[in-house]
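Presented as structure tokens, the chain that follows is alone, the form predicted alone.
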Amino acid sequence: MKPSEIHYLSLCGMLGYGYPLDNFKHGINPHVCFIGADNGSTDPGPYYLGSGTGFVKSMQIRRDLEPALLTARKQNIPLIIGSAGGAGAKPHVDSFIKILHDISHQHKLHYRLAIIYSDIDKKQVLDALQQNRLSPCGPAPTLTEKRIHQSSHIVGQMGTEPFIEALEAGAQVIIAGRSCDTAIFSALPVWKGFDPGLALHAAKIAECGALCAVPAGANDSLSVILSENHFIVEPTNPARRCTPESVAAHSMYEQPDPNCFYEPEGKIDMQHSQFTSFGERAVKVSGTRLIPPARDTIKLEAAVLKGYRTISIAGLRDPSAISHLEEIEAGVRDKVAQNTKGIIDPNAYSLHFLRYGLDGVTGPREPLPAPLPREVGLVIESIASTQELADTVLSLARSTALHQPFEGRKTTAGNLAFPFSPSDVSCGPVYEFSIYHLLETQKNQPLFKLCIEEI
């Protein structure tokens, strides 16, 4: 029998980034029917997906996971976590499960665990390429068979269906690989028969914890009540409050269109959504609807090894040097090419200069400041096919930049000041996104592997 409403709790915006325990406990009451949390993102870049390592460390995950797991088991409600371990590939999920097992063993917990892997077999991707069932998300480069073969850890961003399958299997704790953030919070309400448009919109607000509140705080908990024709969101921290403006603004979070956003379930249409105050600290939202998609798709993500990186960081203060940085950089590139001619293939490395204080963030998209800044931070980066080559190129570039002549120079050395010794830092492998595409799925094509364990 469908309940009249569902109460749930978003633990925080990112499991592992910390949250106030008192505010989490304040949001727990007998009406809460599940706790959800996201643990991943592509925001930190392709390295973590490509390398299979997590950008949130194990100690942080354990600190945040333990009270949530213990509370969920005490309340006998599901704990649902998506994009486990960071990028959500099998190595990330398995490292997360190890932490989960350690906590469970320590506290002698008993429950049914569902693990949903999001790794996609390369053959399925190759078949989809041949069948023209792949399309880029934005300005992604053309996808080739070679690029697919080179990719490591291809994952699919799952929607609600795998979570619902786990719930139907009686899972009390669900740990999923790469997931749409909304699927974590909307799967159980959709399974229970609630309007999917409202459920997905509520999940969109819940995915970042109390980031929708004033003052904003992703590392804080958010309470959600979903009813037949509306939902209500309220931060558990009494020092925060939701306003119609703050909740409406978060509905557009990371979205190019203020009227809608897209999930595997379809288009979430917010053209007729209404945001109204509910009491002093909550907001009620109604009018959102789901428009089913013309074709079923999921987003694929993968990364490929590009090379190995070495960097050096330096400070620059000479006003003449600052005004002639482009000339200095061009001279450094020429000298490095001359010094490595016949030894290192020029196509085997790249050399970049990031000038913080001038255009290190914006690049050429904005004019340089006038007058020029008093100081500039310079990051010299080399990327090469091996770490040894990257180290060599960077060493040459750094020493050359230190002594590179320029118009108006009055000294024979000392262009740069280095804050660290050694000045060169070997950073290891560099990855770039190789697949960032929509996959048109086929009926009866299994994509996500569900494993059930009795803990």
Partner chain sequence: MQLYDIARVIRSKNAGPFTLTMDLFFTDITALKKVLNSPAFTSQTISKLYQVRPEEVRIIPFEAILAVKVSLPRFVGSGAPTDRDVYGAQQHFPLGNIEI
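Residue numbers count along the first chain shown, from 1. Treat the numbers as computed from the prediction; the structure is a model and nothing was measured.
Omitted here: the form predicted in complex with its partner chain. The next part is about that form.
With the partner removed from view, the residue among 238, 279, 363, 292 that has a non-hydrogen atom within 4.5 Å of its partner chain in the model of the complex turns out to be 363. With the partner removed from view, the residue among 249, 311, 344, 99 that has a non-hydrogen atom within 4.5 Å of its partner chain in the model of the complex turns out to be 249. Between 74-82, 118-126, 258-266, 223-231, the stretch whose residues reach within 4.5 angstroms of its partner chain in the model of the complex through a non-hydrogen atom is 258-266. Although the partner is absent here, residue 432 is a contact residue: one of its heavy atoms lies within 4.5 angstroms of its partner chain in the model of the complex. In the model of the complex, its partner chain sits beyond 4.5 Å of every heavy atom of residue 335.
Using a 4.5 Å cutoff between non-hydrogen atoms, residue 253 counts as a contact of its partner chain in the model of the complex.
Using a 4.5 angstroms limit between non-hydrogen atoms, residue 383 touches its partner chain in the model of the complex. Looking at 36-51, the residues that come within 4.5 Å of its partner chain in the model of the complex, counting any heavy atom, are 42, 43, 44, 45, 46.
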